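To begin, one chain is listed below as structure tokens, in the form predicted alone.
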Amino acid sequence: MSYDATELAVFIILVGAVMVSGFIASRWRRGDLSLLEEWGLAGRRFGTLITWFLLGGDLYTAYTFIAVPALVFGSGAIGFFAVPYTLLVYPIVYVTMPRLWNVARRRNHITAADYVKDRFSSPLLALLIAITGFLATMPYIALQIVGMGYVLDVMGLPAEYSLIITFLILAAYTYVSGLRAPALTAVIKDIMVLLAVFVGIVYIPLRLGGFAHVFQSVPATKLTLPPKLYLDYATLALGSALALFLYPHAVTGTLSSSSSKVVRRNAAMLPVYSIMLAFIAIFGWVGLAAGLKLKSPNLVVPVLFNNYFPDWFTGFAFAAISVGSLVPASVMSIAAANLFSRNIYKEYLDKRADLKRESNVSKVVSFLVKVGALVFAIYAPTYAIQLQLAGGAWIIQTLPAVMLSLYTDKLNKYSIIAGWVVGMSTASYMLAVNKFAASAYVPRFFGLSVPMYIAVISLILNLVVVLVGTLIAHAMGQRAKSPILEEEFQDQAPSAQTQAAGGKQ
């Protein structure tokens, strides 16, 4: 396969520098990395700026830069649901996540499943939350690899070997540095991505004759949203917003913050990324205006940069997109490993495991998760992309247990378990009917066909079961009892005892 020497050299130098910084991160803000709280949450010491970069790098992945413009390129305006969805999510974060941070800090929770177990005194419900998080995260990691694979394909590199080498190095520096690695590399990654996106969205349209020419060249059917898709669009935005911060990697990024005030500040600052996302989506229309003929819509951004920029800047942009896969994949693997070590291994395999043992298990599982996702992506990339549709529909079923329970002590744990079963079953059924190829389902109400995002439909059924079950339980005299008292939800400074448990700073 042919490749450009300048482009490849720039790509290798930049990606290599980011990987080296991942190893150096083990010495950054030193802590005892043999402890799970230090390895998996960086001692909960990240301030506003680092948390902003970490959450931004965590949530805006390489696949975002590939998939959003690909959807616009292939299907039109429906792809812009990602813009209002990211605007909706931050008020939700502002309201809910500081409360979760306060509880987690005081009671030494590392995962959402830790909180659920403590909140409801239910190891079974915590296990279901952990399994759901693990299940929803695995295809997400695989998709980072797939996204990077499209870049390597355009560069003319042997994608399989390049991906194996890159992700083995990623696994090594994550093993060594824990969450400090993606936090430090996220700063570099976001600066690179922001520069590549803003330069690209200005320069390429100018080469095509300006934005007026771009919009005139795009078919009208792809510039506007047909009325039959209004509800689909709205529920995609709402469902995605409700699901995003239920993902384990989003919870991990949040709990690594130094205070609940840092979480609030980030909820106010992160919408800046939504501006970038709108520009990323426009690349889909730019590709249509450029008349690209692609074997896959997912190639639209890599091909645009390859066609319209000099080799050195193309290498820079490809490095930015590739690093954009490494950072979130690292956080996701850490979050999935923490769920396994805390809520499966310690709970069911070794109840006597201490924090050091948990940390060692997390490190090994983090490595295995990356290897498994890599194999999955290489041998079944198409299925991996389709399986991403299921991630939001599955993880949103944890909303009653994780988010709603922060505001009420009335919910009955057995009702939540029943709601989870109904929600997961109906979501999986609708996804299977669609053969994992579409996120919308068309239920029929009184003869009317109403297409909606599968996650929202299944969540509504889940919430109905939780509400009805809780009312029945209360009528039978079964009141919810929780070891977490009301004062746990107040915004107070952590106690000296809890600070000591978190490690010396």
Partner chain sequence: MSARTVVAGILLFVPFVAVLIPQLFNKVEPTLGGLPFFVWYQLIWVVLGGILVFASYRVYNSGKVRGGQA
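Remember, it's a predicted structure, so these values are computed and weren't measured experimentally. Residue numbers count along the first chain shown, from 1.
Although not depicted, the form predicted together with the partner chain is the subject of the following passage.
Only one of 146 to 154, 245 to 253, 278 to 286, 423 to 431 places residue heavy atoms within 4.5 angstroms of the partner chain in the predicted bound form, namely 278 to 286.
Tyr94 is the sole member of Phe134, Tyr94, Phe367, Phe376 with a non-hydrogen atom lying within 4.5 angstroms of the partner chain in the predicted bound form. Only one of Val371, Leu195, Leu223, Leu404 lies close to the partner chain in the predicted bound form, with a heavy atom inside 4.5 Å, and it is Leu223. Residue contact with the partner chain in the predicted bound form: Phe211 places a heavy atom within 4.5 Å of it.
When the partner chain is considered in the predicted bound form, Ser274 lines it closely, a heavy atom lying within 4.5 Å.
Interface residue remark: Arg106 is not counted as part of the site for the partner chain in the predicted bound form, having no heavy atom within 4.5 Å.
When contacts are judged by a 4.5 Å heavy atom cut-off, Lys356 does not count as touching the partner chain in the predicted bound form. Contact with the partner chain in the predicted bound form holds for all three of Ala77, Val83 and Phe215, each having a heavy atom within 4.5 Å.
Residues of 231 to 247 placing a heavy atom within 4.5 Å of the partner chain in the predicted bound form, in sequence order: Tyr233, Ala234, Ala237, Leu238.
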